[in-house]
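Only one chain is included here, represented as structure tokens and corresponding to the form predicted alone.
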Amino acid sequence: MVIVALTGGMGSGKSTVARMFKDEGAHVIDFDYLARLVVEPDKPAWRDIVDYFGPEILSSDGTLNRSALAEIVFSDDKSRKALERFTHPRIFEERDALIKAIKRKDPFSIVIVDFPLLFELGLGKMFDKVILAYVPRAVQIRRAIKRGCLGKEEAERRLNAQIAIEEKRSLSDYIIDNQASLNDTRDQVRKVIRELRQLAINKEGESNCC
């Protein structure tokens, strides 16, 4: 089994790249999905968050108001670290359970862990390889504004809370340049997954030799 992190930044098209890897037969674990799962109402992380931030952080149906929470944590490092302390251990538990289940069914699989804050948490070395979905910072901002979810100032603020995309390039094993067409991106994904499959074969050979 080869376990690979896929990371990127706001507007980098990481979700599109993840879907392409899934289309090519990889198993994909989505940290954003796990992050939503562990904060469902009355789960331990949800209770910790409400205790810390107060009930004002909740929507009328009892779920977290993610926009309000994001506005707080992207403005204050202490709040962001508290949120990470409440959620990350639970997310990792869910991830480990999924990886074990995949390994039982498909022990020689390629597992892509879609992990937005991989480098910010210093966890790159946990994985066999790291893939970066890349676009320049200016494109990140332009895409965020085009979606209509953020203004330029808020997009800048969120990017400033993360490691710069150019620095992430130097920390990654593979770069998927996501500025051109979908076909171009898919060609890059196919090239990477061929190399990952070869890595899996090599790992199997090393295991059999030892």
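Counting begins at 1, following the sequence as shown. Note that the structure is predicted; figures quoted are calculated from it, not measured.
Omitted here: the form predicted together with a small molecule. The next part is about that form.
The closest non-hydrogen atom of Ser172 lies beyond 4.5 Å of the small molecule in the predicted complex.
Using a 4.5 Å cutoff between non-hydrogen atoms, Leu182 counts as a contact of the small molecule in the predicted complex.
Mapping the unseen interface onto this chain, Lys152 falls outside it, with no heavy atom inside 4.5 Å of the small molecule in the predicted complex. For Gln188, no non-hydrogen atom is located within 4.5 Å of the small molecule in the predicted complex, even though that partner is not displayed. Residues of just one listed stretch (54-62, 23-31, 41-49, 139-147) have heavy atoms within 4.5 Å of the small molecule in the predicted complex: 139-147.
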